[in-house]
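Presented below, as C-alpha cells, is a lone chain in the form predicted on its own.
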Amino acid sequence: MSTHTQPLTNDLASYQNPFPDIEPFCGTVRKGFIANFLGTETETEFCIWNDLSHMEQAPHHMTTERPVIAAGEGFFEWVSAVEAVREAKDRFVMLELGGGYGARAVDTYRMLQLLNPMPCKLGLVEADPGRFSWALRHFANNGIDTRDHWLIKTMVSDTNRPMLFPFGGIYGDNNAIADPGDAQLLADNIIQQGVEGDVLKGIMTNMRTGVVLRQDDGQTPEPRKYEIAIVSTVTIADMVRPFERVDYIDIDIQSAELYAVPAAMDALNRKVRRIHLATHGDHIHEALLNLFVDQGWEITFNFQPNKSFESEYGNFSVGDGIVSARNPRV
C-alpha cells in the first residue's frame, strides 16, 4: 500500500488561467437569482450560506470575474470540470453523486456548451427530497430539460441495501447511518425523547419517522434537527454501468465515499476518465488517495480537508478534501 504525505501533483502554475476562452458573464439577472462567471443562474434560496436578500427584490445587473485559486474548493471543481470538457469527444457523460441542487452538473453542462458542444447525458443522485426538488428547478432554470437526463432521488452506497438517512439538515449533515454504533445512538435518542411510538408508526406506514429529532453534536450552538427515513440506494457501479465511457464524475457524498468508491473501483478503472472527489476526514482522504494511486490513476489535485494552503499563486483554504484524478486507461 502506498503512503503519501506530500502533494502528488498540485501543479498550480499550470492553472493560473484555466478559463481563457470563457468570457465572464456580465448582464441582467432575474429577480431572486444570482449568476456566476459562466452565466449559470442560481436561485438565492439555494445559497444557504449567504444573505442574498438584497438580490431578491428585482432584476439586477451583475458583473462577474473568472475564478482564481483563492476561491479554494470551487476553483478546483471548475478546473476539473473544464479539463473533462476539453478532453471530451463525440458524446459527453457526467455524473454528479451527492448532487445537492445540481450546481456542478449544470456548470459543467454550461462549460460544454461554451467550449466543446456535443450530445450530452447528465446523471445526478441526491437522497434528500428537498434538495432533489431544488435540482429539478436548477436544471429547468438554466434551460436543461430533465427528461433528457438521469436524475435519481436516492442515496449512493456500496450496496443496494436500504439505509437510514437524515432529511432536512444543512449541507454536510446528510450522512447515512451505516455504522451499527451510530444506529444505536439514534435509537437511544428516540427513546430519550419519548417518541418511539410515533417513530414506529411513521416507519411502518411511510418509511420515515414523521418526527423531527434533535441531536446535540457538541459542535454547534443549537441541536441538529432532522427526520430519519429509510431510503433506497444505488452504487457507483450501477450509475456507470449503462455507459461505454463516463467522461467525468463529481462525488461529494459526506463520508460515504470511504466504502462506496472502493466497491466501484473495477467499474471506475474500466469506464471513467476523470473524477473529482470530496473527502471528509484525513483518514478517508489518505485511504482513497492511496487507492487511486495504487490503481494507476494520475493525481491532478491532492489537498487534505480542513486545511489552509500557501502558494506563490495565492493562498486558499478547503473544507472538504480534494482528490482529483485522471484515468490513463480511458
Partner chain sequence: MTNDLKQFDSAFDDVEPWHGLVRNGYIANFAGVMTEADFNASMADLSWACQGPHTMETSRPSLTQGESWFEWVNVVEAVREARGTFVMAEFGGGYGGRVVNAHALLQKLNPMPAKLAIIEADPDRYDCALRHFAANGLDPEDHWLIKAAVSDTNEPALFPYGGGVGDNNIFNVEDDNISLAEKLASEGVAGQIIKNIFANMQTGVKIQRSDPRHRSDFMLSVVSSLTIGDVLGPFDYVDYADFDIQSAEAFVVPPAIGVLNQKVRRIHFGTHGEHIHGQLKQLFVEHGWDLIFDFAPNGRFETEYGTFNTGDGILSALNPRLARH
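None of the values given here were measured: they were computed from a predicted structure. Numbering follows the first chain given and starts at 1. Take the two forms, superpose them, and find the largest set of C-alpha atoms that agree within 1.5 Å; that set is the rigid core.
Same protein, other form: the form predicted together with the partner chain, not shown, and the subject of what follows.
Just one of 213, 136, 79, 234 comes within 4.5 Å of the partner chain in the predicted complex, counting any heavy atom, and that one is 234. For the candidate set 144, 114, 203, 258, a heavy atom within 4.5 Å of the partner chain in the predicted complex is found for exactly one residue, namely 203. Contact between residue 243 and the partner chain in the predicted complex is found at the 4.5 Å heavy atom cutoff.
Interface membership of residue 197, defined by any non-hydrogen atom within 4.5 Å of the partner chain in the predicted complex, is confirmed. Remark: residue 89 does not count among the residues lining the partner chain in the predicted complex, judged by a heavy atom distance of 4.5 Å or less. When contacts are judged by a 4.5 Å heavy atom cut-off, residue 270 counts as touching the partner chain in the predicted complex. In plain terms, the part of the chain that comes close to the partner chain in the predicted complex, with a heavy atom within 4.5 Å, is 203-211 out of 136-144, 246-254, 70-78, 203-211.
Taking the partner chain as positioned in the predicted complex, the residues of 133-154 that bring a heavy atom within 4.5 Å of it are, in sequence order, 147, 148, 149, 150, 151, 152, 153, 154. Comparing the forms between the shown form and the other one on their rigid core, the Cα displacement of residue 148 stays under 2 Å. Once both forms are fitted on their core, a CA shift of 2 Å or more is seen for residue 187 between the shown form and the other one.
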